[in-house]
Structure formats: C-alpha cells, structure tokens
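One chain follows as structure tokens, the form predicted alone.
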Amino acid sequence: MAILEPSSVLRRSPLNRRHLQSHGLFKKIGENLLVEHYGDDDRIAEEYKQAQVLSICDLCTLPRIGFKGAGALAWLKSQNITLPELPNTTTQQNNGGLAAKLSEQEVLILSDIFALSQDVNNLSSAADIEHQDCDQKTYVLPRGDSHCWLAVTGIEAAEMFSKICAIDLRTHKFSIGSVAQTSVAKTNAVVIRHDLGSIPCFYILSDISGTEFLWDCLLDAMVEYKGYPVGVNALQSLITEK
C-alpha cells in the first residue's frame, strides 16, 4: 500500500506536524487527506475501542461552509438543503451532510465523515454564480479557512467536557442535534452533538488559528480518563459496525 504524504494535497490540517510526530498514517477522503490511524495496523482495532470510551479526531480537512444574511435561509432551501426549524439545532441531510442553524440568519454546512456529501462543493459553486446578484442578501462564510473541526467521541466525553466547558453536555441534557455556541478551554467554539452509531460524538468548530492550543487543552483534559487521538477510520467504524 502506498504511503500518502500530506504534502501531496493542497489542503493540510493545522495539526499536520502533530500527526507526523505521532506516526499518523493518512488516507484520502474526497480531495483531502485525514489520519486513518496512528502507528501500525495493530492500532486499528485498539482505536475503534478507544473511540467508544474517549477519543479526539482531527477532521479539519473535511469540507464545510457557512452562509449568513437576511436571505440565507431562503436561498439554502432553494438549493434543496433541509434546515432545522429552531436556532442552535441541526438537521442531517439525506446524503449524510449536516446543516446547523446558528441563528435566524446564519447556517453552517458540514460534510459527512466519509466525504460522500457534495453539498459544500455544490453550494460553493452555486454561490459563485448566483450571488453576483446583490438582491440575494446572502453572504458566503469560508468556514474551511476560518474554523478548525475536531471530533470528541465516547461515553466519557461529556464528563471530560465538564472540566473545560460551562455548558452541560451530558446526553440527557444536551440532546442529539443540539448546538452550543460557548467557550471550550477559554476558546470561543461551536459544539454540535452528532452521535456516530450509538456512541456520543461532539463536533467542535473554533478559530483555526488556535487549533493547536485547543487540541492540547482537550488532550490534557482527557488524561484523567486515558483518552487519546484516533484516526478517522475509528469514527467511520462506529457508524458502519454494529
């Protein structure tokens, strides 16, 4: 099997050096590379088990985009995006992507973790064409450039967050599809609960310039629970394996 190098693609994660130091092995998902797993192949099964307890995964190279403005919701609906009724909630699309309504005038669109959804690319292309007309009242937010995307999974995740986040993320308080715009480790962040199979999963999106700081803070908070980084293969397995 050919070894894929992050330098072979246009977009690299802000955590790229950390992954290389931890012997991350990469695989191509869509047009970008993500860590498949760390170390040798013996780690694959171990990471899958770890993801069920407490883990963190870097999803920074997966597609995402935002839209804001008085006409944003109407325009997204015209593009066949299913939107939540209420702010701070999400709706999963038929293709696996996710639409998070952050306010009555702002929506965040995320790819699925298999990068099968083409919503981000299609919306970006449509916006380039249609938003030449100022009457659209819709503005594109390049969230792939402005925000990192991390995933924290496992049954211990909510308890771990209690050390660094003021929002109660316990599963009976913070339901699937909920969104919190809050502070994580004193960093402004959007937290989305999007479970993978039966395992709790929390997406964290925050200023991309602080990705390494946030990664380190989350790892430090995980020490007590013996949590550690896993590759995207472990997260995908949570969905595909029963």
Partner chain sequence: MKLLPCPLNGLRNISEFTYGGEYHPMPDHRTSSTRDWAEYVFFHNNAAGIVTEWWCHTASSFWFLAERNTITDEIIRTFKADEIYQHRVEFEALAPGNDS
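Residue numbers count along the first chain shown, from 1. Just so it is clear, the structure is predicted and the values come from calculations on it, not from any experiment.
One more form of this protein, predicted in complex with its partner chain, exists but is not displayed; see below.
Undergrad: Just to be sure I understand the contacts: of 115, 83, 102, 151, which is the one whose heavy atoms reach within 4.5 angstroms of its partner chain in the model of the complex?
TA: When its partner chain is considered in the model of the complex, the option within 4.5 Å is 102.
Undergrad: Given the stretches 71-79, 120-128, 92-100, 166-174, which is the single one in contact with its partner chain in the model of the complex, using a heavy atom cutoff of 4.5 Å?
TA: Selected range: 166-174.
Undergrad: Does at least one non-hydrogen atom of residue 54 fall within 4.5 angstroms of its partner chain in the model of the complex?
TA: Residue-level check for residue 54: no, no contact with its partner chain.
Undergrad: Might residue 88 be said to contact its partner chain in the model of the complex, defining contact as any heavy atom within 4.5 Å?
TA: Yes - in the model of the complex, heavy atoms of residue 88 and its partner chain come within 4.5 Å of each other.
Undergrad: Does any part of residue 44 reach within 4.5 Å of its partner chain in the model of the complex? Heavy atoms only, please.
TA: Residue 44: no contact with its partner chain in the model of the complex.
Undergrad: So, in the model of the complex, is residue 60 in contact with its partner chain at a 4.5 angstroms heavy atom limit?
TA: It does not: once its partner chain is placed as it appears in the model of the complex, residue 60 has no heavy atom within 4.5 Å of it.
Undergrad: Do any residues of 173-190 have a non-hydrogen atom within 4.5 angstroms of its partner chain in the model of the complex? If so, which ones, in sequence order?
TA: Counting only heavy atoms within 4.5 Å of its partner chain in the model of the complex, the contacting residues of 173-190 are 180, 181, 182, 183, 188.
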